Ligand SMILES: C[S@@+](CC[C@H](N)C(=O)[O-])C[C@H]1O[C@@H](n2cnc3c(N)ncnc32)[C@H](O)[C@@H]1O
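Next up: a single chain in structure tokens, the form predicted on its own.
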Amino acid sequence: MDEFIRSLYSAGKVTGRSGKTYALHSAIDEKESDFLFHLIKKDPKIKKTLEVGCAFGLSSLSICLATKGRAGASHTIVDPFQNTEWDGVGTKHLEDAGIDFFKLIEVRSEFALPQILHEGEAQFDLIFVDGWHTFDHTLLDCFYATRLLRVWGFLAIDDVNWRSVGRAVSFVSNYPCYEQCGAVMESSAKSWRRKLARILATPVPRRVWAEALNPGWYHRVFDQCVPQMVAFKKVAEDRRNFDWHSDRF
């Protein structure tokens, strides 16, 4: 991990353009930062990148510091709240790190992405989606990302352990043009607590209680971690016909 990024995680707080200090939250964690950074570092063809959602800019730094020094490197950020709710922290961090090849679009992604697509398909090498976390909005971001990615480009999506995001990602994972190429798994502690909360909040049919008497049930429920972040490689053009569908989500 880059030392500048490490220092931000270590401090646990960030400073906005207004001079106000904020606790570091709503950011990818250190494992996810490493994952993005090394995914890009391993492929020197990744130069032109796009990100939906910037916030405090830890993902932006991970992406841009990995492409820094590559000829033609550019990073597009879609974040309508960067200079309002986030006090410009994300772009300030990029400037502090000496990154000068980014462009900020302060428009909601449902408006920005179609406009970018209108300018040309298959123009990005990597797209990172971490925007509005409803199912439909995540799916919309992934739809446009699929059109905007070149073949052999990468789509990375954060917060897959949110049920809404996970359902959208489950659907997208069935696109014939994608192969999953990596993931960051949720810690086992978070995973079992999240699963337990879901179990306690859901009415339990009698047959499930019967299954719970099976000694293997505990391990099936609590020993399996779920992904926080996943990455797909676009291995072909998206050639789905009008009647393509998937029931597996």
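So that there is no doubt, residue numbering starts at 1 and follows the sequence shown. Everything numeric in this text was worked out from a predicted model, so none of it was measured.
Although it is not shown, the form predicted together with this ligand is what the next lines describe.
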Pick the stretch from 169 to 177, 107 to 115, 143 to 151, 94 to 102 whose residues have a heavy atom within 4.5 Å of this ligand in the model of the complex. 107 to 115
For this chain shown on its own, do 160, 163 and 227 all sit within 4.5 Å of this ligand in the model of the complex, going by heavy atoms? no
Spell out, yes or no, whether the shortest heavy atom distance between residue 66 and this ligand in the model of the complex is within 4.5 Å. no
Hey, in the model of the complex, is residue 183 touching this ligand, heavy atoms inside 4.5 Å? no
Considering only heavy atoms, tell me if residue 132 and this ligand come within 4.5 Å of each other in the model of the complex. yes
Just checking whether residue 46 would be counted as a contact of this ligand in the model of the complex - the rule being heavy atoms within 4.5 angstroms. no
For the heavy atom contacts within 4.5 Å of this ligand in the model of the complex, list the residues of 38 to 66 involved, in sequence order. 51, 52, 53, 54, 55, 56, 57, 58, 59
